[in-house]
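Below you'll find only one chain, the form predicted on its own, shown as structure tokens.
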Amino acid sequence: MKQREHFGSRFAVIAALAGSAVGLGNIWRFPYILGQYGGAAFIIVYIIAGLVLALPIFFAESIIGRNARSDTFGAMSKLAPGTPWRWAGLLTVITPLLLLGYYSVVGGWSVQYLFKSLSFSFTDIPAEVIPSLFSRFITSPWQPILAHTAFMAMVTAIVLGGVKQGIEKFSKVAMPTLFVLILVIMAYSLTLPGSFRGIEYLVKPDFSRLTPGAYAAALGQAFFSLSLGVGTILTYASYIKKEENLLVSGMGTAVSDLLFALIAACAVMPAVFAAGLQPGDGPGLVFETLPFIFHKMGQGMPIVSTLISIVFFVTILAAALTSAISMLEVGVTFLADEKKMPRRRATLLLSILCWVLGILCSLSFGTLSHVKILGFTFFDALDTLCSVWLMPLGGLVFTLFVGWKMSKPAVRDEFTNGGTVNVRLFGVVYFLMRFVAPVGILVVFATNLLM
């Protein structure tokens, strides 16, 4: 039997896991909700939510993956043979592929806007044209599909390289580069006149904004920020060596993810306020507001403005790629482990399927905008299905499996590396996985139903 690949070092483990966690949401979503729900007050709630909800789910996935050393379906079959748990594992094979179907469309937008930066598009056109660039681009039939195709080609090429030569090598370069680039953008952003108002917007505590919606947003952000419930952590954990400390890997990933989100907020919001604009949410902040800022910068120093815009969209592209490769890897591992399909064939097959799905999502902004599924376009339907229902359901499956199906000695042995590390903390982590995390996920479900 061919020996299973594994990550070569602790840095490689954290880089890959953090790469899966750090994505587009860190750059455009986190800054917005941070300011919307009380700045520093929200950060406190978010960190608590991460410790009591997100990290236990992260550890649950890691324990299953490293213990079984298999894909999500195979892990459940191996640890609970002859039970329906394997079908729950299959759910977390399908979810990331659906997620990649529309995520790759947004990744394609970053490809297109990087090209626009390289071609000086944000400094060579009238300011009044810039706000309409994004809507004109996503509603055109061919340009977004070409950009989506380019993004999927990059994802496919990285995953084709395998765990060590593809995912590990890319993550070890991409993650440090991401932090350097976002620090460069932050440093420049903070030098702009009026940028202080953006920092004040982010960090000024306003406890009056901590409404039930704020707590729900903190739970949701903590849950989704670490890519939980879709099998990516479980799959990557199956490549982690037995002597690796899961607590250190988990904390390193969580800290890296939070740190990047905070730096991104300090990079984006000061520039938004310096330009005299109001912060928006969703992709509009990145693909509508910021190009306008780059244009305003370019009126006095076009070269600097263009360089900053290039750095910014390279950062967004790299963040999108590190998350996307983990989504594709889940399905590739499943076909390689369970169907004994060669890795190359599995990668190409799933990439084509996600590419086709992405075309439908891309066209839902234009040609297929009239086609609805329960009132949603293809893009919005997949987004709602994955983020609102399937991801929390996957997280619930993993915590219930570790907390209630696996034996406590087996869980302890995996988390403590046979009783050599983290022994004193195991009781706390096990209690959170068994009781607190499932309740937290049910709260997320209830909130989604009521909203």
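Note that residue numbering follows the sequence shown and begins at 1. Owing to the predicted nature of the structure, the values given are computational and were not obtained by experimental measurement. Between two forms, the rigid core is the largest collection of C-alphas that superpose within 1.5 Å.
The same protein also exists as the form predicted in complex with phenylalanine (PHE); that form is not shown, yet it is the one meant from here on.
Contact with phenylalanine (PHE) in the predicted bound form, judged by any heavy atom within 4.5 Å, is made by just one of Y239, F294, Y103, Y113: Y103. This chain is drawn without phenylalanine (PHE); in the predicted bound form, the residue among T92, S171, S362, S326 with a heavy atom within 4.5 Å of it is S326. Using a 4.5 angstroms threshold between heavy atoms, L24 counts as touching phenylalanine (PHE) in the predicted bound form. Although the partner is absent here, I63 sits far enough away that none of its heavy atoms falls within 4.5 Å of phenylalanine (PHE) in the predicted bound form. At least one heavy atom of T232 is located within 4.5 Å of phenylalanine (PHE) in the predicted bound form. Heavy atoms of F273 never reach within 4.5 Å of phenylalanine (PHE) in the predicted bound form, leaving it off the interface. Partner contacts here mean any heavy atom within 4.5 Å of phenylalanine (PHE) in the predicted bound form, and among 418-426, 63-71, 25-33, 49-57 they occur only in 25-33. Along 373-411, one residue reaches a heavy atom to within 4.5 Å of phenylalanine (PHE) in the predicted bound form: M391. In this overlay on the rigid core, P31 has a C-alpha that sits 2 Å or more away from its partner position between this form and the one not shown. For Y46, a C-alpha deviation of 2 angstroms or more is recorded between this form and the one not shown after rigid-core alignment.
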